[in-house]
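Given as structure tokens, the chain that follows is alone and in the form predicted alone.
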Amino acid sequence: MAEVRLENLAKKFDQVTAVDRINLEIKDGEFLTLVGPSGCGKSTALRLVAGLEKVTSGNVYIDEKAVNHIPPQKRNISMVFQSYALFPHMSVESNLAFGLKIKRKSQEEKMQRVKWVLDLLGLKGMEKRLPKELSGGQRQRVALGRALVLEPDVLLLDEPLSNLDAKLRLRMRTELKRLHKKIKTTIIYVTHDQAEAMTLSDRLAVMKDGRILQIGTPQEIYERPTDIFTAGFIGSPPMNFILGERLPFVKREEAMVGIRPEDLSVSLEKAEKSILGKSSVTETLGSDNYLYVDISDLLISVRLKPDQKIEEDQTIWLVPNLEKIHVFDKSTGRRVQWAG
């Protein structure tokens, strides 16, 4: 295991800045996720840590040692890619042992480590199968096992679950969390899926345009986002945003007010500090139902109570939990204090 520190790390491709002077510390044994939309620089940042891209400026430290000029194979880092990258002509066993063979480990050590990974990832009995004979989830476990068998100080995971269907992705998330608790390796994970990031991570670093906007635990970022982008990106359905001048309880032209769907309730009668609207469609997601409400030219989502049913085109009032609203400066997008 190891600590990783990024110091003013930057990467340019010609005139495009992919990573823009980011600073980040990943603790020994921590599961940290870089999360953000496609093109935000998260995968490039991961490749800079791995040594697969050359740093334009700044430094990558592993256990306080600068590794900018150390080749990837000497950093004791393993990386798992979105594409699995298994050798199609090799069995599961041979795929797992390949890195150990390159490192010229003894036959006894190779057998011990491969057996450990087979047991750890539930692949026992599949040793002789080729990748084409495995399911997507099994292939992903082999790719993960091939990285773990090298006993890396740091494990880098670049969108490893994005090729799986929804049900399998959920199961693999559970397995990854269980695995991290068992092996306690430092993990840097990259995903554009905010639900994946929230459920897996000790901490998140939310990225946009090559920069880190906010770092914190999933709960900290969900409950107190520092800017409009983070507030809208983290959470599903996303946070609702309403201009302050349209709300009787704010009335600040420079304010953008954010309210999460679960922090609104529906009333069929006018209530104090409520928002007038007309009910539109209801989206049923099994355990949760969401009502979409028209307020002038804006569509607002609200989570209904389990037994609550609202007809379409009905005049209603939305009552916000004023202790849970978020207020941002409209021009800068940054969070501002609100006294209620």
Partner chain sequence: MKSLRFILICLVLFFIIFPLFMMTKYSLSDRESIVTGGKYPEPFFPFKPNLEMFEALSVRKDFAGAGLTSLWVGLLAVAFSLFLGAPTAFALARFKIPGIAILLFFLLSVRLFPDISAVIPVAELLLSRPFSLLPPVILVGLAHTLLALPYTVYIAKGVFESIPKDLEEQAHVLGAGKARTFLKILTPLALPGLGAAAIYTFFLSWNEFVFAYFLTFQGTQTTLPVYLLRILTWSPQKNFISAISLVICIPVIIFTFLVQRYMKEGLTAGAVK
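Take the two forms, superpose them, and find the largest set of C-alpha atoms that agree within 1.5 Å; that set is the rigid core. Positions refer to the first chain, counted from 1. If you're wondering where the values come from, they're calculated on a predicted model, not measured in any experiment.
Although it is not shown, the form predicted together with the partner chain is what the next lines describe.
By the criterion of a heavy atom within 4.5 Å, residue 285 is excluded from the residues contacting the partner chain in the model of the complex. By the criterion of a heavy atom within 4.5 Å, residue 99 is counted among the residues contacting the partner chain in the model of the complex. Using a 4.5 angstroms limit between non-hydrogen atoms, residue 77 touches the partner chain in the model of the complex. Contact between residue 238 and the partner chain in the model of the complex is not found at the 4.5 Å heavy atom cutoff. Looking at 58-66, 304-312, 45-53, 267-275, the stretch with residues near the partner chain in the model of the complex, meaning non-hydrogen atoms within 4.5 angstroms, turns out to be 45-53. Using a 4.5 angstroms heavy atom cutoff to the partner chain in the model of the complex, all of 72, 83 and 150 count as contacting. Put simply, of 177, 89, 211, 246 only one has a heavy atom within 4.5 Å of the partner chain in the model of the complex, and it is 89. If you fit the rigid core between the shown form and the other one, you'll see the Cα of residue 243 move by less than 2 angstroms. With a cut-off of 2 Å and the rigid core superposed, residue 71 has a Cα displacement that falls short of the cut-off between the shown form and the other one. Relative to the superposed core, residue 216 undergoes a Cα shift smaller than 2 Å between the shown form and the other one.
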